[in-house]
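Here's a solo chain for you in structure tokens, the form predicted on its own.
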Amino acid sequence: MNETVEEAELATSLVALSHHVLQLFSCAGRAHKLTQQQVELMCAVIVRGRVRMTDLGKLMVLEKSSLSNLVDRLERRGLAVRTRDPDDRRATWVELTSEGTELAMRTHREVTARLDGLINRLPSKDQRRLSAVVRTLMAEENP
């Protein structure tokens, strides 16, 4: 399939945006002595309440051992806990502690505030259109 110049530019722009968002996670984490992945994990959990380890691994695209090490480090800092699912002994849930929730909310606000700063450069009409397009792309990616 031949890609048009516009499609290539859009794909390149989306990659640049994704790198920028990862940099925002990294900057927000650095202020709290957290890695980019730790901030991503905490934000992923905070917006869902609690997450099964298997779902979290898929969401973050991490192997089981890497995810376990990441959650271990958050547990040692008192920011997260793992609990067994009483209905399925094979399943483990990850939840944030109250301290973890507070820190996740703070870092999530920091990241979204920086993104809002970027988005607010656009006219409202373009903001609404961008929001609709992103929702459509994400719905197609995560049926």
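Residue indices: 1-based, along the sequence shown. Here, rigid core means the biggest group of C-alpha atoms that superpose within 1.5 Å across both forms. Just so we're clear, the structure is a prediction, and the values are computed from it rather than from any experiment.
Just so it is clear, the following notes concern the form predicted in complex with a further copy of the same chain, a form of the same protein that is not shown.
K.L.:
Looking at 109 to 117, 81 to 89, 66 to 74, 94 to 102, which one sits within 4.5 Å of a further copy of the same chain in the predicted complex if you count heavy atoms only?
P.N.:
Every other range fails; the passing one is 109 to 117.
K.L.:
Can you tell me if V61 lies within 4.5 angstroms of a further copy of the same chain in the predicted complex, counting non-hydrogen atoms only?
P.N.:
Yes, V61 sits close enough to a further copy of the same chain in the predicted complex that at least one of its heavy atoms falls within 4.5 Å.
K.L.:
Residue by residue through 12 to 46, which ones have a non-hydrogen atom no more than 4.5 angstroms from a further copy of the same chain in the predicted complex?
P.N.:
Heavy-atom contacts within 4.5 Å come from S13, L14, V15, A16, L17, S18, H19, H20, V21, L22, Q23, F25, E40.
K.L.:
Using a rigid core superposition, assess whether V134 undergoes a CA shift of 2 Å or more between this form and the one not shown.
P.N.:
Comparing the forms between this form and the one not shown, which are aligned on their rigid core, V134 does shift its C-alpha by 2 Å or more.
K.L.:
Align both forms on the core first, then report whether T12 has a C-alpha shift of 2 Å or more between this form and the one not shown.
P.N.:
Yes.
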